[in-house]
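Two versions of one and the same chain are coming, encoded as structure tokens; call them structure 1 and structure 2.
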Structure 1
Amino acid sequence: MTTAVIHGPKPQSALSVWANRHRRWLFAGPSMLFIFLLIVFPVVWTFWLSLTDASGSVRAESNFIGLANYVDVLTDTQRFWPAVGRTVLFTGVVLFFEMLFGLGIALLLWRPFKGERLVRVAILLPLVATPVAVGMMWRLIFDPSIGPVNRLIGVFGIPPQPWLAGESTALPTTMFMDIWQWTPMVTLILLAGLTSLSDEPFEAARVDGASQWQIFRYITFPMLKATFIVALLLRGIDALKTFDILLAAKGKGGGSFNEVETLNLYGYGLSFDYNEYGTSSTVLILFFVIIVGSIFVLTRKREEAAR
């Protein structure tokens, strides 16, 4: 505490007394104001736009049209509902595999072993890699004519596939890309959870002669459940909002047949490719409702698990 001795007690100015008394808001205020201004104003404005026919230029005149956009969007089976379907399908599939593989790899890495450092570096690399670059990397690897994947499956006698270029194969291929990049995230979170578990229950179970599966089923997984739901929540939010790799892989509109167009991509396209601000705001408000709804359900689940 040498610094305290050097500075010592000194008479405080009125300003210093005031600052110290209100330090709570002095410290937290600027950050909260920053976020508040950048969120609340845009959200309110986006909501307002969703009630108007704004389009063309952001400065153009627009008319209040009530809930007409919502009626249009919710009855749109060409773009909106397929985009909802793709968003839900994409999120469901990638979450399933990321949680499954993430848990599997975390269990493999749990107990110390030789070469641990190398493995940990390897799983960190996809995670920190720039998503757009990852998208480009997979575009080359999955390229139907020059990519190594078709050559590799050819060895096993499987005919070449169109992958990202195919109308029905594009979405599963982007799911694979997402799973490759984000499984390590789940692994790291679950590994942190596993490492924080105490050894005692495991020793007791071993003494009682429990099988590996029984230990996992009745001890490891229940103790890990709260962390598991945190990982599910964090990945779920980001998976719903997936943008970078989809745009990098298929470009505007999620490809010429909108093969990979999720709600986020659809909203972006309406805003910045078609300048349909009213409709895009409606889509984005509905998207936001879906996200908040999912979070609400999951946090309820997490509280139940923590209890």
Structure 2
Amino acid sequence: MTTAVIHGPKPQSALSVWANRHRRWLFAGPSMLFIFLLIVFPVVWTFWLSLTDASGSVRAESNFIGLANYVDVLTDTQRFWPAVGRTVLFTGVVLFFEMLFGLGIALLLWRPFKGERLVRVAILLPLVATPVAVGMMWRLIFDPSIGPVNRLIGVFGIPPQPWLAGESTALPTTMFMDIWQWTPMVTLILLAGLTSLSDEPFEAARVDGASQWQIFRYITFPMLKATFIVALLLRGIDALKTFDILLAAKGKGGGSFNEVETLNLYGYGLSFDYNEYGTSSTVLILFFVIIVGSIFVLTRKREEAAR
């Protein structure tokens, strides 16, 4: 008669026990290291440069000067604060119109209609092109001499306009270019939010005799509010950092009179045109603080809307 021998589970090694206990850190470790190398290190290095008088060459010796660069930049009323004003104005205007037009187009595309797919593809076409290509394209379209826009308005007796060449018209023109390209992205996000809404509240409202405006005000928009804030957050941060389309449309310095010079263009010019790395790093750190503050405020709004 044979007796079956029941073997228990093999004892785990000390390494396996330690790995199992710290598995969440082991899985997240590579990603955290990647983030540190690509985000944290450049920010820390830029902050260090902002505390020095680094200039001329990246290999040149620099001296620690503390907060002197911050004092100089924050008291600069000729370039820094006008650049801050343009950045805020540009972001506010394009955000307003992109959210407004994006919501309107998303509502129009929400319900099925004949030719729906073709219209959706046409609306999303601006997203296919890169911002540099868009900037160059509109630069040719708005050209005072050969651009078709001045020829078109000339048919209605309107004199030619400088558009991108004018000191007072350049910033609004670049705003239009940004709105043209990025409104489809807002439309896409809001349309995704609309298609996920339940039909029952809308059917109940129609049975009760609510008008289309009442349905939008009291049902559609409150239910869409969280998605709306997500679109506002994503597009707002991107609009704050707008660089390539402005550089392609106006060149270095944002034009001869710095008419479209935002903080991004100002920091770029200090680095690559004047080799003032310490001052440029200071501008970029202040810009980074503005962006992080904006993210914090919009994230809080999103959390409040989700409650």
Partner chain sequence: MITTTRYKVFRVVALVLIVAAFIVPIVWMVLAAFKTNVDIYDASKTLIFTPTFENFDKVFGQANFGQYIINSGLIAVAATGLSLVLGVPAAFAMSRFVMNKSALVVLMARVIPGVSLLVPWYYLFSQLRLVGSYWVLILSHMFVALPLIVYIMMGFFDGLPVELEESGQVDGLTPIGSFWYLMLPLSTPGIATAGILSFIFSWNNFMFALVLSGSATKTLPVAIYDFIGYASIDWGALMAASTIVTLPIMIMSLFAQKYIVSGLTAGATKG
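Here, rigid core means the biggest group of C-alpha atoms that superpose within 1.5 Å across both forms. Throughout, residue numbering runs from 1 along the sequence of structure 1. Small disclaimer: the values here were computed from a predicted structure and weren't measured.
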| item | value |
| --- | --- |
| Of structures 1 and 2, the form predicted alone | 2 |
| Post core alignment: residue 112 C-alpha displaced by 2 Å or more between the two structures | no |
| Core-superposed C-alpha of residue 67 shifting 2 Å or more between the two structures | no |
| Displaced residue check between the two structures: residue 158, CA, 2 Å or over, core reference | yes |
| Residue 34 CA shift between the two structures in angstrom, with the core used for superposition | 2.8 |
| Core superposition result - C-alpha of residue 25, shift between the two structures, Å | 5.8 |
